[in-house]
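Given as structure tokens, the chain that follows is alone and in the form predicted alone.
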């Protein structure tokens, strides 16, 4: 019998995601995939499996889940309140989900996007080479209560591991490089762009994040006459009211708003995980430094398994503690 993840409840916008669909940009389809690609690598490291496997991406709220067979799982990305049969779970760690037990994942407490990884990955039928949901392209759909998601073959056995968390969940400074249209902006505006503190707006989704500030907007002479051309995740479009808008994984493929800069791919998880109200800034870096940063980011993802630590559980949180053989030779007392 194939293992199945039963969805009893799902927060708004929960979707299946993986690394997305590269190679379709010329046909008007952006890559899509997980908004926080570092979270994919963390889950893969925790479970000792490929980061190509599909997971559940949970924006702001998780859901209630059950499995038909014992299954390993890991929780990464923006931290959420999570319990297993009522006992609290450690985030950024791997655990065992026994068949019939209830996994509850509540609201996010830091960051914006949480991820549920399962041993063997979610095994839905691929479409155009990926299982990732791309809502704007009509590929896949939002997860709903009552769905039963097939799981792939789990070739691993490791659980009970922990990864240290980084600081990408509270905003910060984003490294950017010049785009083809950066030079269209007045020099004073570019200088002000790098000294302004922006706020992650509540208006954000998988397509992008709006970043207003308290100061005046940023404008290009004749900006509305910019010819539509190819755009990619990380590009910072400046809309008609002068507000920067950082594009994310499910962005459109062409756009006519002028782009003031492009966020380094290595820093996009920080954009995605910035919660509403988080403060962000921009810093231009040379292209060579950007290339070096991307190489360093990829190496970090590859080396994550070396950072694993054993997860030490609090005995108060283990509901079936007495079922464990804690000390050899101890008996119930009435059998002597």
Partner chain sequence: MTLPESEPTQFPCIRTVGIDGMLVSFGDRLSEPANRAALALRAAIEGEGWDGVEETSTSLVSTFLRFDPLHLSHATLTQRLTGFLQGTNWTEAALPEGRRYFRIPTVYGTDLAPQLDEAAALAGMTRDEAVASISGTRVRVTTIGFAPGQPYLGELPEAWNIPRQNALTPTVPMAALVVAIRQLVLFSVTTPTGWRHIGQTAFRLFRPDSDTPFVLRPGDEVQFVPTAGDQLANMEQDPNGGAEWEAIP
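Keep in mind that what you see is a predicted model, and the values were worked out from it rather than measured. Numbering follows the first chain given and starts at 1.
If you look for the form predicted together with its partner chain, you will not find it shown, but the lines that follow are about it.
In the predicted complex, residue 221 approaches its partner chain with a heavy atom inside 4.5 Å. Among heavy atoms of residue 23, some come within 4.5 Å of its partner chain in the predicted complex. Looking at residue 183, you'd find a heavy atom of it within 4.5 angstroms of its partner chain in the predicted complex. With a 4.5 Å cutoff on heavy atoms, residue 139 counts as touching its partner chain in the predicted complex. Contact check for 254, 265 and 290: all three have a heavy atom within 4.5 Å of its partner chain in the predicted complex. For its partner chain in the predicted complex, the listed stretch (25-33, 273-281, 300-308, 52-60) containing residues with heavy atoms inside 4.5 Å is 25-33.
Checked against its partner chain in the predicted complex, the residues 162, 204, 82, 177 give one hit for a heavy atom within 4.5 Å, which is 177. Checking 96, 232, 102, 145 against its partner chain in the predicted complex, a heavy atom within 4.5 Å turns up for just one residue: 232.
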